[in-house]
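Consider the single chain below, provided in structure tokens and representing the form predicted on its own.
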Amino acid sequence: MNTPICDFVREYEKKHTLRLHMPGHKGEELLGPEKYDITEIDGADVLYRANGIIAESQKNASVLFGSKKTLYSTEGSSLCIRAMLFLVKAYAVKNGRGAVIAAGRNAHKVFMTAAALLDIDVRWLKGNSREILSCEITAEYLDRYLQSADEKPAAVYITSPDYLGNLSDIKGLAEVCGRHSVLLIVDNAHGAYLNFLDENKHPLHLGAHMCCDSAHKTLPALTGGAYLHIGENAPVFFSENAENALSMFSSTSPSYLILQSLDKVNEYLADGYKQKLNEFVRSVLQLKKKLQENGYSLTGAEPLKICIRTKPYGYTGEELGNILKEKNAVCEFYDKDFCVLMLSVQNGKEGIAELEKILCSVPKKEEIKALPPEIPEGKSRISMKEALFSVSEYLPTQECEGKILASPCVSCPPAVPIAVCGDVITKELTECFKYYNIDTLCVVK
């Protein structure tokens, strides 16, 4: 598969052109990659008004993922989430429907802030899980919700895979959404590779109308590289307006290093990646089996994620994460209950072997039986938008009972807020914040 963006930049660099344009480094090395770092000069095309090399590269990606249209983001899936919500609201307004989205409660904080900025009415779906990072929304659960909803949402928003490696039944959810004439959009940031499994588990293949993928999370792309995919079954309105939606929230100075990375990933995916991926997945499955035989408790079915419930093994997630760090292995995320390891083909069999050696060298201890607090149902006093734009202040968590949360107070990872902007902070919520080491909250003054 050709790489038009990479080819253009390399040809430009070979000419040793006098660079009378941005960036200010002029191609001179300070960090290393400056000579390939350009801006939207003649011939380099314009992201979100693409009709040249970027358009050609995006078409390559669209073919690989089987989409109606695929667009690049150099600002991660966060940009794509904002654009998806804008498109859903614009489409709803165009068709005389309310800007209502039903969303799994484990949505990324960007979803919440984008919904607030766009004044979208979010109806939260808690599902069947007690954990803040997971939200088990089955087809039956969604069907019951849509049948009984006082106002049918314009779209259902699902996060799959979630941070703990759980995969939603996207096919079943898509069928339910179809019966109720509701759109299905998916935050697939952790699952770009799902399209290339022997059994394709990518949301577009399973019936989602639109989704985002973070190429940098599981594919060998630079950080910030992501895709916005429009499905073949999506309204024409989405593909006609997707570039405009992205441009509304994005920088006018996209990183050409990231664009080249996405362009090069197309070639990587087309050149035997599927076979490499599925061989690697089989190695990961063998590792998971060995870890379970060794006494580890695993959760989640995502092939490239190993999520350990650490307390049954006698450790908090924080303790196990620090043990890994001492052995020169750094995990993706840990808290008191979980240790999350994200893998990719680039880890190779050597990485799998090293990880097995490290984890199996950790002695099993007596089970820690303390359970995390159950996240209580949120009680909204004002809208997310009103809360976000209110005069606010930061206070110690223990002083916030009875106050209204103004802004999501959670780091990334995992970036899943414990409470929603506009929620009243109850005693139960205060205990949850303390459990997850959040000692300061932004509240309405």
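Counting begins at 1, following the sequence as shown. Note that the structure is a prediction, hence the values are computed from the model and not measured.
A second form of this protein, the form predicted in complex with a small molecule, is not displayed here; the remarks below concern that form.
Put simply, of Lys201, Lys311, His108, Lys264 only one has a heavy atom within 4.5 Å of the small molecule in the predicted bound form, and it is His108. Exactly one listed residue, out of Leu142, Cys339, Ala189, Leu183, brings a non-hydrogen atom to within 4.5 Å of the small molecule in the predicted bound form: Ala189. Not one of Asn166, Phe333 and Asp335 comes within 4.5 Å of the small molecule in the predicted bound form, counting any heavy atom. None of 78-86, 118-126, 233-241, 359-367 except one has non-hydrogen atoms within 4.5 angstroms of the small molecule in the predicted bound form; the exception is 78-86. Interface membership of Thr113, defined by any non-hydrogen atom within 4.5 Å of the small molecule in the predicted bound form, is ruled out.
Proximity of Thr159 to the small molecule in the predicted bound form falls within the 4.5 Å heavy atom cutoff. With a 4.5 Å cutoff on heavy atoms, Asn195 does not count as touching the small molecule in the predicted bound form; it lies far away.
The small molecule in the predicted bound form is not approached by Ser134, whose heavy atoms all lie more than 4.5 angstroms from it.
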